[in-house]
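One chain comes next, on its own, written out as structure tokens in the form predicted alone.
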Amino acid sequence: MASKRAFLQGIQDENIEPRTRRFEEPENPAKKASKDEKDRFGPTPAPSGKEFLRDEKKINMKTAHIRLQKDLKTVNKRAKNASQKAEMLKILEPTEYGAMRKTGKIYSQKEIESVADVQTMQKKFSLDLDMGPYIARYDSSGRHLLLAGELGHVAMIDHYTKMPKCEFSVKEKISDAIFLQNEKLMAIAQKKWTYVYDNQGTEIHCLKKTDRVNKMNYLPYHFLLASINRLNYLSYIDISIGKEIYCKRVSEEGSLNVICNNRTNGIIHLGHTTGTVTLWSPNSDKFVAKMLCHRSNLISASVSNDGKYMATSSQDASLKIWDLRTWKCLTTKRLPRGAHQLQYSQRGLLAASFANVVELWKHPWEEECRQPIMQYKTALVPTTLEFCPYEDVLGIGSKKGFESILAPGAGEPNPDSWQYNPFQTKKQRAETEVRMLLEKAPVDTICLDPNLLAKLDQDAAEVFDEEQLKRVGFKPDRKFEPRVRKRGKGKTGAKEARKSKMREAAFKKHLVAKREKESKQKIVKGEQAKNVLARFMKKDD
């Protein structure tokens, strides 16, 4: 009996044991992972957005006006949030720009080609043509290339696929050619008149007001075609309405062959044989500024895309970089010969050609830049230099055709599809044209000050005030100054204190006036006592 009881007790213990073990804690419990252990790369830093703020000093600006300070705080907070979002959106720009190291070495095309990939090498090609010298122009998107030979040959090709779009002959001498708003229209300056063709080679219009043209330039934001002819006339034509809005003879001596524009303000720069550069606007009868850049003949000029720097070259083999904000020469560089072609890229690279040599300068406005970063020798003398937008490619036109070379760091790697999209469809192109026409900048905005649109036009404001006076009967007060309010003035105790002070001041004023009146009455009574006829005088109240 005892053995049976012990046997049953052992079975019961075996059945209970595993149930109790289920709730037992392990001998070596695992520790909970901390936040730092979970995130191997550490905490994610919050975006600052400082590079996207216009003026960081104005963010912490304080004023005595309470309501204005509150509004400024709200606006600054909104600007800070927008700058942080802009910095976070950098992830949508995955492409990095190319570059060449500053090692004091002048790179050649062979060295660049040795490290370039297959896709980049496809952008380097050459065309042998017989009706040169050729003028090479890219459109704003960098997708299409226009080639115009001096003997009348015109061709347009797709720069990406190398497929020809159109090819024809004008059977006349060509002095210059340029794309207009997009690849749909191109202007070609022929022997006598300037003609406008479409992308199929069909003649659209003949601009007889621009005759015997030497050079042309196009202002995309104003839809203006600027040209200079052999008689030294500068003319502007609005291609959106087909009307000439300005024509003026340049009084400087010598022929005009140098023209470039400032994209930030629309000012046209003209180079003269006297070594001067004049700045022109269609809103002025004469030049708005004049710079003496060289002592000898000026042969080429170019303005950077940000509108801050201008490069000029002359026959004395000097290359000068000018700051257009201070009108001062920053650096002067000596070349073996005078550079007949100068061209700035989107990212600030400067291409200069003399004889059959093409050089690339990186940040030439810096004093540390003493030699070019790349040098390339062509078979013939280049007639035109043109950087391809959004690509690290430099196009060279010569007497025997066209050639493109690699220029690392020249183009913007991430194009803004809202403005110029190389892969846009027909519908997107039509929408872009309509939008740009609606956003067309008026001619009045072309001036030396690029921030004109952010300022108040006093003349227009006076005209508006006169119209409002006729319509409503009063003018708006533009000299309004906000009243400075201080804290504590709206409390009940402060109001009562002000009222008591005002009562005391009014009572004092009343007493002073009463005393003055009594003194006057005493003087009058004394005079009346001496005069017999004083009783007939009028008595004071």
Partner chain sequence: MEDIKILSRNPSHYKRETKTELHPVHRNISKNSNPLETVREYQRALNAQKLERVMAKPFVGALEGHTDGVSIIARHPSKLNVLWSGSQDGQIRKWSLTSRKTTKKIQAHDGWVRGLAVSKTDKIVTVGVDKQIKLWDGDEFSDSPEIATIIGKSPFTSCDFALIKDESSKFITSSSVVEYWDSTRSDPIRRWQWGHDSYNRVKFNPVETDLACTTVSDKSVVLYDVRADEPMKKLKLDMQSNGISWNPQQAMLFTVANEDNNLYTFDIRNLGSAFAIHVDHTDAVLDVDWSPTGRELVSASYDRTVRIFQQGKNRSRECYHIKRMQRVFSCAFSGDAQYLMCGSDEGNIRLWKTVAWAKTGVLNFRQKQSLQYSEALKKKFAHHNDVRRIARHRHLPKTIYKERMKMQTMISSRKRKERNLQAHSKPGAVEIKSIAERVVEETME
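Residue numbers count along the first chain shown, from 1. These numbers were taken from a predicted model, which means no experiment stands behind them.
Keep in mind the form predicted in complex with the partner chain is missing from the figure; the text below concerns it.
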* Using heavy atoms and a 4.5 Å limit, would one call Thr74 a contact residue for the partner chain in the predicted bound form? -> no
* **the partner chain contact in the predicted bound form: Pro413, any heavy atom under 4.5 Å** => yes
* Asked: Closest heavy atom of Val115 to the partner chain in the predicted bound form, within 4.5 Å or not?
  -> yes
* Does the 4.5 Å heavy atom contact test between Lys215 and the partner chain in the predicted bound form come out positive? -> no
* Structure fact -> Within 4.5 Å of the partner chain in the predicted bound form by heavy atoms, the stretch out of 374-382, 231-239, 391-399, 250-258 is 391-399
* Asked: Using a 4.5 Å cut on heavy atoms, which of Arg295, Lys440, Lys124, Arg337 is close to the partner chain in the predicted bound form?
  -> Lys440
* To do: Consider the chain as shown here, without its partner, and state which of Thr326, Thr202, Thr95, Thr332 has a heavy atom within 4.5 Å of the partner chain in the predicted bound form.
  => Thr95
* For the stretch 181-195, return the residues whose heavy atoms include at least one within 4.5 Å of the partner chain in the predicted bound form, in the order they occur. => none
